[in-house]
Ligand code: PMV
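Have a look below at one chain only, the form predicted on its own, in structure tokens format.
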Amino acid sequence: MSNPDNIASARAHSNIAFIKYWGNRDHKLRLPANSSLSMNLADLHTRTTVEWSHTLRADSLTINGAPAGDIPLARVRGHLEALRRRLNTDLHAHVESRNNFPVGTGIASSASAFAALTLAAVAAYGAKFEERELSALARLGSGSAARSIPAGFVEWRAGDNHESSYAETFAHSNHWDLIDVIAIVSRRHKRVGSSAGHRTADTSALQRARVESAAGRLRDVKTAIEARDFERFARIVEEDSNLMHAVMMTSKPPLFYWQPLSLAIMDSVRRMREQETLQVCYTLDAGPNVHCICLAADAPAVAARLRAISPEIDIMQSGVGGGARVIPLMGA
């Protein structure tokens, strides 16, 4: 161990996928059924501190200042075990994690959490890995965490083994001034998490068609982003989101993340674009909250329209964010 303090903090951003990750070819390695593409969210992040200890007999975890429950603790311990194998150590760690946005509601909290955990654990041990390897390691904890290691607009290559399944920057954060106006329908932790949903994806008769057509959508959305062609971008992003949720709804057992208010927002977003010429489209991850992606100039109007739908809607906003990075220690 080359870090004499054995402790480090890291911050990673949540991300929103434009081409979705849903279903695995290998559940243990979290090798995805298809490549995906996302945008990091500058204002939504997880800050994690890891301290490797010569005295701890088991890993410990606090989330937002409280001891973690059995399920998140087990996931973090499992990921630390993978990191221990890579670092060639038998030390245990104390982990402190804090989020500035709701957890378990379809805003990719596991992506930022496991990206920050991976980087902090490696830095606390005094190791230095290339971004590609950090992304692959983060994937072992949560698939979408691979995308929260690089900066900006990020493509996660599906690969065919651990080393070849990683994410990299496709376009930098200043390439296109997009804003994610998130309509928060519910802050309640979802009953069925993404990890469980990935395991049932193949029970849907629609999953094969979704996966086989994903490469074409990814190619098209990259072209739209390169050209800053919002009309083309919006069509592809909404289609991909709808396809993923169609797979969820037709899996066995079915997963219904949309709520009536989610549907009302989706309908309103389409009308904003078609009738008011606002440059906005929707996408939903595994949860009821609706990500309304728009040009920065249209963000105030989009937020105002969303608030007018229902007083139950809370709004969070973020532009395009950077990659995961080591930061000063909490309280330092």
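Residues carry their position along the shown sequence, with the first being 1. It should be emphasised that the depicted structure is a prediction, and the values quoted were computed from it without experimental measurement.
As for the form predicted in complex with the ligand, it is not shown, yet the points below apply to it.
Where, among 91-99, 121-129, 168-176, 193-201, do residues come within 4.5 Å of the ligand in the model of the complex by heavy atom distance?
It is the stretch 193-201.
Looking at Cys294, Leu306, Ile63, Ala286, which has any heavy atom no more than 4.5 Å from the ligand in the model of the complex?
For this set of options, the contacting one is Ala286.
Work out which of Ser142, Ser241, Ser262, Gln207 lies within 4.5 Å of the ligand in the model of the complex, going by heavy atoms.
By the 4.5 Å heavy-atom cutoff, the listed residue in contact is Ser142.
Is Ala10 close to the ligand in the model of the complex, meaning a heavy atom pair under 4.5 Å apart or at it?
Ala10 lies outside the contact set for the ligand.
Ser251, heavy atom within 4.5 angstroms of the ligand in the model of the complex:
No, Ser251 is distant from the partner.
If you check in the model of the complex, is Val320 within 4.5 Å of the ligand, heavy atoms only?
No, no contact at 4.5 Å.
Which residues from 147-185 come close to the ligand in the model of the complex, meaning a heavy atom within 4.5 Å?
Result: Arg147 alone.
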